[in-house]
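Just one chain is shown here, as structure tokens, and it is the form predicted alone.
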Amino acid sequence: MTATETQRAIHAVWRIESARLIAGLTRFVRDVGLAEELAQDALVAALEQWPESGVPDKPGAWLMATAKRRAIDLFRRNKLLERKHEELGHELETERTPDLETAIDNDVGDDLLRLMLIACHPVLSTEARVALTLRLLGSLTTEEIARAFLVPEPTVAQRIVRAKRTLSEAHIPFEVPRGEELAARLSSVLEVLYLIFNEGYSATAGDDWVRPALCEDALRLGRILAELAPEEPEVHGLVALMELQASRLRARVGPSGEPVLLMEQNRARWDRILIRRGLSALERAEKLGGERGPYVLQAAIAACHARALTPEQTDWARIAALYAELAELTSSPVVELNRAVAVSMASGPAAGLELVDALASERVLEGYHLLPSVRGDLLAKLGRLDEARAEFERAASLTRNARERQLLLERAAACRKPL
């Protein structure tokens, strides 16, 4: 292999192995920040040595062995960690390569689940949880995370550093909790993964309508989580929801990157493989039984769209009923707004507008651009074009996404009456 080919191989190995490498190291050193530093040290060693020696047969085991040797050296130098050196150093020092290979494979599922639960711990802010998850589990660099979320790179770096410090100072145990605490922690993980996915599916700011790479990262992590927590219906519900929504990504943008709304999409461009995967995940969630949670309900709504080969075949009455169930569960005005859209499609724009107008006083929706956008659409369908134009213009002033702003302004212009 040439030096360039070796470097490409190293980066590919890192993408594949880094999450479970950091997870395994965290189990040993009990500090996620230190574990990442040791993993990075091993990566540097690989970049230095592999171009000369070649990529080892088991690169993951090589990285783990190298990182553990760095841990021994660190504990030896740090007298304050003498006790940890005695506990961990002896264990690490006596391990041989075959045992290291076994250590990589054994408990890797539990380690990854523990790492997910730590990276998404509620003690961290939402922004910190997202950044740390993408860094530790998505193997994204600080620069890549900053570019994905359109924030300065130093801001992301600070979030990650503060998150690691917070976890260390809080002495968060590297373990899988039980009972209600596990449910709460899993809920936090699901929230983070869906936030990442949604930012890719419908970017809140910038010049791009979608950022598929973020969707892919969230979906990959969701699939891993589904295998680590196979008895959790909401995990499979989220995976189903992401699979079904991701199936539309190619159809959501036009030739020039402009947004294409759901009812105008070419459904032949929907990814049937992702749809089959999504419907299978939804079936898996529903077979587990129990009360349907918010992700399972949202997946069931997405499934209604996925099963409709044409817009006219969409079962809007069922979608409205599912949104009603979801609204009762979440008490979310945003869900109520979506229900209003479904009701308008099932029972006419006047029925939908009545529900939308009832939401006008909701403080949560102040500044939420989709409220005037939906209202503008319903007013236009009722022939109230002047009012519709004003709503579309207001929605355009509220969105931070350039593509969406242009779409809304075009819809406003279309409402102008011909002279």
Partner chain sequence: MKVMVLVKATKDSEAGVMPSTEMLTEMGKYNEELVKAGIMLAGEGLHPSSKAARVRFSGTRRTVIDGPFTETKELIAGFWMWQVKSMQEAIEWVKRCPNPMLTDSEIEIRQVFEADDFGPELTPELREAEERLRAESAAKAAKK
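Definition used throughout: the rigid core is the maximal C-alpha set that superposes within 1.5 Å between two forms. Positions refer to the first chain, counted from 1. Since this is a predicted model, take the numbers as computed values, not measurements.
As for the form predicted together with its partner chain, it is not shown, yet the points below apply to it.
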Fill in: Residue (of 224, 72, 346, 157) lying close to its partner chain in the predicted bound form, criterion heavy atoms within 4.5 Å
224
Item to complete: Counting non-hydrogen atoms within 4.5 angstroms of its partner chain in the predicted bound form, say which of 279, 321, 301, 229 makes the cut.
Response: 301
Discussion item. How about residue 391 - does it come within 4.5 Å of its partner chain in the predicted bound form, if we only consider non-hydrogen atoms?
Written reply: no
Fill in: Partner proximity in the predicted bound form: residue 13 to its partner chain, non-hydrogen atom cutoff 4.5 Å
yes
Worksheet item: With the partner left out of view, is residue 194 within 4.5 angstroms of its partner chain in the predicted bound form by any non-hydrogen atom?
Response: yes
Discussion item. Check residue 174 for me: does it contact its partner chain in the predicted bound form (non-hydrogen atoms, 4.5 angstroms)?
Written reply: no
Worksheet entry | Partner-proximal stretch of 157 to 165, 117 to 125, 245 to 253, 174 to 182 relative to its partner chain in the predicted bound form, 4.5 angstroms, heavy atom | 245 to 253
Fill in: Partner contacts for 372 to 393, taking its partner chain in the predicted bound form and a 4.5 Å heavy atom cut-off
373, 374, 377, 381
Discussion item. Does residue 373 shift between this form and the one not shown by 2 angstroms or more at the C-alpha, the core having been superposed?
Written reply: yes
Discussion item. Relative to the superposed rigid core, does residue 20 relocate between this form and the one not shown - that is, does its Cα move 2 Å or more?
Written reply: no
